[in-house]
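This document starts with one chain, in the form predicted alone, laid out as structure tokens.
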Amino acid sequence: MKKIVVIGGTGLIGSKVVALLDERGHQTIAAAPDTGVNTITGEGLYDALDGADVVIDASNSPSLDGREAKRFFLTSGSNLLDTEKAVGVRHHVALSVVGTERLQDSGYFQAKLAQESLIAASAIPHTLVRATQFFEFLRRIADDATRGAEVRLPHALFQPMAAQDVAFALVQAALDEPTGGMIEVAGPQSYFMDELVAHVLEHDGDKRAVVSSADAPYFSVRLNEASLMPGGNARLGTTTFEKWLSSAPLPRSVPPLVTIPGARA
């Protein structure tokens, strides 16, 4: 049995990681501000990490703004790694994003790459787990791409996966020996982003029209065919999109077909 601290342990991925580790009989701590552990201020951090074998960082910046995200990842990461060194943590596992180095037109992904570099340069044995987009994130992609009554998206390949499979990959990495490098994980099948988002909106009864455009950005980044795709050695999850969609809860409300004041053209 290991003591494993999950940073962001009450979030979408972190809570699933905690549940999987609990099922396996490990001593697990869900560390988050609402459980008294704050990686930015350091509150509760030493006590939570004291005696831990592994730390899994599944936290995320509350802002996609590049400056705010970089401040979050570097402050949180530095506090974590310094405390891990002080208490003797033997393995640091961090969740990142497939294609981060190819998405550097985005300040957020610049911040993610800075986080990865910080971890790689530390003295703590580590494993970076880069995941593709979550199925649970598809509606967020639609909302960010909404311009009035249209959802403007690129016809770009990606290979999204279920959050449960992301959690499983993090648990597997945490229970294995540190790789000192990066593991990629992805869903079992690739899709075109515009087509898959359109499928989700149709399922939801959402009347927004998905419009494919070569110039449409993905969170301010212009994509090419390889931008979001994993490499050939990626570990694939088992949950298909169809299986996920059949059990995914519908959104609480569907955006009305109105022109949003100030919406980007």
Ligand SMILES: NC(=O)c1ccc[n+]([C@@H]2O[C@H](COP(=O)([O-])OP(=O)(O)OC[C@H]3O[C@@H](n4cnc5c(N)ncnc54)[C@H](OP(=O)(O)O)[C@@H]3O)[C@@H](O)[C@H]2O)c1
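Given the structure is predicted, the values throughout are model-derived calculations rather than measurements. Heads up: residue numbers just count along the shown sequence, starting at 1.
The next section is about a form of this same protein that is not shown, the form predicted together with the named molecule.
For the options Pro217, Gly44, Pro33, Gly66, the one in contact with the named molecule in the predicted complex, meaning a heavy atom within 4.5 Å, is Pro33. Comment: the named molecule is not present in this chain, but in the predicted complex one of Gln27, Ser212, Thr239, Asn38 has a heavy atom within 4.5 Å of it, namely Asn38. With a 4.5 Å cutoff on heavy atoms, Phe134 counts as touching the named molecule in the predicted complex.
In the predicted complex, none of the heavy atoms of Gly231 sits within 4.5 Å of a heavy atom of the named molecule. Using a 4.5 angstroms threshold between heavy atoms, Ser96 counts as touching the named molecule in the predicted complex. The shortest heavy atom separation between Leu21 and the named molecule in the predicted complex exceeds 4.5 Å. Screening 222-230, 47-55, 195-203, 66-74 for residues having heavy atoms within 4.5 Å of the named molecule in the predicted complex returns a single hit, 66-74. Using a 4.5 angstroms heavy atom cutoff to the named molecule in the predicted complex, none of His92, Ser122 and Ala173 count as contacting.
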